[in-house]
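A single chain, nothing else alongside it, follows as structure tokens in the form predicted on its own.
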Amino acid sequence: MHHPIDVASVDHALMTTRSVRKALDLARPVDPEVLLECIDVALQAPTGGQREGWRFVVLTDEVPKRAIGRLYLRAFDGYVADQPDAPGAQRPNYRLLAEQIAAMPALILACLEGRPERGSNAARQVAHYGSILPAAWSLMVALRARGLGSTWTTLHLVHEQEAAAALGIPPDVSQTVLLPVAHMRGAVLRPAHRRPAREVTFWNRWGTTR
């Protein structure tokens, strides 16, 4: 039997899933079963060639969280030093995340078995990362639907090899998105201001609008 989807609810979840760096309850633990439930949702995302090579490393213990937190803060400080005028470099909430990321109740690192082949063409590279990034986004939306805030960030990858060593990740595994996770506390999530579809959509040929 076909069950109609509540389009408004789906659209609302997709349009209001934002990176949450403030208004988080760092003292409240996150139920591991809820995280597994969200990962189960994420595993329904598309994956190239039906490989299903996705792996999620969930950090809840203090030692690995502190290790990743040190690498993340070092990467953030380097980013600010190299690009002081770059977006986010001077925003207090970006600095706040860097300073308290180790205090998050959970960190989830989305990984994929294998590495993109050196010198591979665009199709292979897109297929590789396209086999994990949709799942990472689905995970972020699933967390949001359950009142959990997260932030899409990849900054720790500046020190990818050190992160791999700290977490025991094999060298043939690709790390991608890191999601710090905590219960939201008074966060108000709204659709962001974006250009309308008509301004960014071409029809049948680049540059041709409707």
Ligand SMILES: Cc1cc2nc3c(=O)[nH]c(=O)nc-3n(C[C@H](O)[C@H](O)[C@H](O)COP(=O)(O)O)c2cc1C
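Given the structure is predicted, the values throughout are model-derived calculations rather than measurements. In case it trips you up, residue 1 is the first one in the sequence shown, and so on.
We do not show the form predicted together with the ligand, though everything after this point is about it.
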item: Of 42, 148, 155, 35, the one that lies within 4.5 Å of the ligand in the predicted complex (heavy atoms); value: 155
item: Contact residue in the predicted complex, chosen from 107, 97, 111, 71 - any heavy atom within 4.5 Å of the ligand; value: 97
item: Contact label in the predicted complex: residue 18 to the ligand, heavy atom within 4.5 Å; value: yes
item: 4.5 Å heavy atom contact, residue 194 and the ligand in the predicted complex; value: yes
